[in-house]
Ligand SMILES: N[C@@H]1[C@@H](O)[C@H](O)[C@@H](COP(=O)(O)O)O[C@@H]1O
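One chain follows as structure tokens, the form predicted alone.
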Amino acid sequence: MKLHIFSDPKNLGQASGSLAAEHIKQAIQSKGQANIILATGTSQFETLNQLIQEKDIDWSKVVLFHLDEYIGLTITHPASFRKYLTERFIQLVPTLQAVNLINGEQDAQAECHRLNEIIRQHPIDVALVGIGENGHLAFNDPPANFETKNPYIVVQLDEACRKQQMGEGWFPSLEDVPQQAISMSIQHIMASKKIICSVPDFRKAEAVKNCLENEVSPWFPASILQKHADCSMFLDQHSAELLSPSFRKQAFNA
């Protein structure tokens, strides 16, 4: 894992978005197409802002998937990840070759089957992900399923995850946060050729420490990233604050 620590979320996002752009262009150059995964949430604001400003990406050769979506939430709901990606990315770049968004309003198992058939034909070149306050990767809350090979699965959201969504302002109360979601599985995220993980903010500091300094465990889902062959982790000074001095020495600081 390549660890980078930046002074603030904006610098973090500029670096992670620029790296994502380079990986996307490399995939297009080498095989004529790039298959990408985008994450959502407040942690991705600056990364996506940078990515849409990058030049010389032929978006007509990019196929888009995303990590997760609530079950039962309409696309017009403020917390909808389909709405998020449509407004913050899809409408702001030239026409993509294909967009494969998760529809949580339909039968969840049938939607997983539909998406699994598509994504199996599109090996992921670049995955943009984050880490939740409870250490989750996508919506794989602890203890995460490290074994399933199915690309998309139905998951239960734990209370810590749901409190985070409320705390970020996406829902007015905990009762309004759905209890289930469709999520990309841990194994399928790990099958991505390159992973870029962007994690700003002190409220993620404990999860960052747990996932980077502990042994790989389903109780710290994002700890699995330690095993990926090409993962770049982007932190700011706040999210990196609890890392041990010896661990911080491994990082590139900017």
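Heads up: residue numbers just count along the shown sequence, starting at 1. What you see is a predicted model, and the numbers here were worked out from it, not measured in a lab.
What comes next is about the form predicted together with the ligand, which does not appear here.
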item	value
Result of superposing the ligand in the predicted bound form onto shown chain, 2.4 Å backbone or C-beta criterion	open
Output flag, I36, D58 and Q97 jointly within 4.5 Å of the ligand in the predicted bound form, heavy atom basis	no
In the predicted bound form, the residue from P142, G104, P151, G130 that sits within 4.5 Å of the ligand by heavy atoms	G130
Listed residue that, although the ligand is not shown, lies within 4.5 Å of it in the predicted bound form (heavy atoms), from S185, S223, S192, T40	T40
Residue contact check: D158 to the ligand in the predicted bound form, 4.5 Å heavy atom	no
Any non-hydrogen atom of Q164 within 4.5 angstroms of the ligand in the predicted bound form	yes
Partner proximity in the predicted bound form: E46 to the ligand, non-hydrogen atom cutoff 4.5 Å	no
Distance check, L67 to the ligand in the predicted bound form, heavy atom within 4.5 Å	yes
Which of 122-130, 171-179, 89-97, 105-113 sits within 4.5 Å of the ligand in the predicted bound form, heavy atom basis	122-130
Residues of 78-94 having any heavy atom within 4.5 Å of the ligand in the predicted bound form, listed in sequence order	F81
